[in-house]
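What follows is one chain in structure tokens, specifically the form predicted alone.
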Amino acid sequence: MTALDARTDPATTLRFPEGFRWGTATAAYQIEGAAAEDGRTPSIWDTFSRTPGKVRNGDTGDIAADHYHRLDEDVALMRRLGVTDYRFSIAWPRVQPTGRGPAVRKGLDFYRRLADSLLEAGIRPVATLYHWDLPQELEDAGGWPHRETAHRFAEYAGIMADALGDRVATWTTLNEPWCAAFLGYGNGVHAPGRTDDLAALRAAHHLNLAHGLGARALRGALPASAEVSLTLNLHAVRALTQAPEDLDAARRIDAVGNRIFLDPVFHGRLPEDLVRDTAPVTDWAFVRDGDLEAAAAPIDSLGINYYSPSVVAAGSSESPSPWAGAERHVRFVPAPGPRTAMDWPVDADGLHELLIRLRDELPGVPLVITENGAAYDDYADPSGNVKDPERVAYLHAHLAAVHRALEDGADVRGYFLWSLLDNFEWAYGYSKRFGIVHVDFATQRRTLKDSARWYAEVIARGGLAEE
């Protein structure tokens, strides 16, 4: 009997291994609210969301889903769903308001209480140290393009390991550093809203350095049994045709979208073609001796966030672009098929492609799907029900792709559905709903969507039934 045969429910046709981690995920700025309470100071997202024209409808995360005050209710929801793990992020300015110096006790106590509540509910806490909410004071001092920010992150990692190391066994250093670097500093659609290709490349390097230094700080303070991870939003890049110029376009995007993080973290090197491609922007002189070795600190697993693939061809894209010069040679082509409310194509094969690529390129590195989900325009009907069949179909297809990757030899240890709650969706404000729990933002009432009930059934049976 193989691990995939471990479950016995006859209605379950695609069984997942015993011990597979069934989770859901959120991020601090998107759900917590309490933006100015108990010592928390502004992050770059507080500043960005208050800048006219940056966030749809002028929305901010000041209240969001009010998780800071509704922690117990939200943990009870997770317990009802039967999730085994919960991936949350820590708001850096809630625990270390200036990004330097001692922590704020009330901030630490909030996360201690969250971890304790999860453990009491039988749910494993999974902490992410950085999900984009850089303390504004560190941005004012230069932000991620500034080398010192990486060292400040390592100090913060050590503080959190000391505070929660007895409760939290799994730690992720960074969430989607590509977005932090290239959407924050390249095309400016995310905080802090800068448009500077050189700043984006410097930020990417210093995020890699921060990951390595942070991982080392975690190792120095956590028990040997603790798991240290990194989460990347790797791009499933496809060339429109097999023509050499289209294949080269895909190579360029793979370099600045994927290998700019994979190569330093797992091989201690910069991709040679990335350095050539970006020569008009920088000579990479900001990479100092020892940086790449530090970035390659060993980790226990790699988190993958996946939503949709990218199709590219030779050509050029509009500027400002997040691709640090690659857009001069690359045209993005709309993928065919259905789309989510984000106008992202629905294509579960891209997730399978990524998992098989990582199986081959990173043998021995366990993989975890740390985000996967979809936004749709769902709503509570007059009877209070929230029907979201499109989301159920999306999730079913992507879990089936994970199962197929397991059968093909990929070492996938878990799946974290994005997201538990409808929330502040960054530059889209409250206009896009990713949650499997509907949130009425006027009343903060939580309502399980049909997708939440479906996911609870998947968890209970340990796999997927016939569609």
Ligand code: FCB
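All values derive from a computational prediction rather than experimental measurement. One rule holds for the numbers: they count along the sequence shown, beginning at 1.
Missing here is the form predicted in complex with this ligand; even so, the following discussion is about that form.
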Would you mind picking the one in 418, 415, 68, 48 that has a heavy atom within 4.5 Å of this ligand in the predicted complex?
418
None of 286, 376, 332, 344 but one has a heavy atom within 4.5 Å of this ligand in the predicted complex; the exception is 344
Should residue 307 be counted as a contact of this ligand in the predicted complex, where contact means heavy atoms within 4.5 Å?
yes
Is residue 258 close enough to this ligand in the predicted complex to count, meaning some heavy atom within 4.5 Å?
no
Does this ligand come within 4.5 Å of any heavy atom of residue 176 in the predicted complex?
yes
Taking this ligand as it sits in the predicted complex, is residue 263 in contact with it (heavy atom to heavy atom, 4.5 Å or less)?
no
Counting only non-hydrogen atoms, which stretch in 207-215, 124-132, 192-200, 164-172 is within 4.5 Å of this ligand in the predicted complex?
124-132
Members of 403-439 lying within 4.5 angstroms of this ligand, judged by heavy atom, in the predicted complex:
418, 425, 426, 434
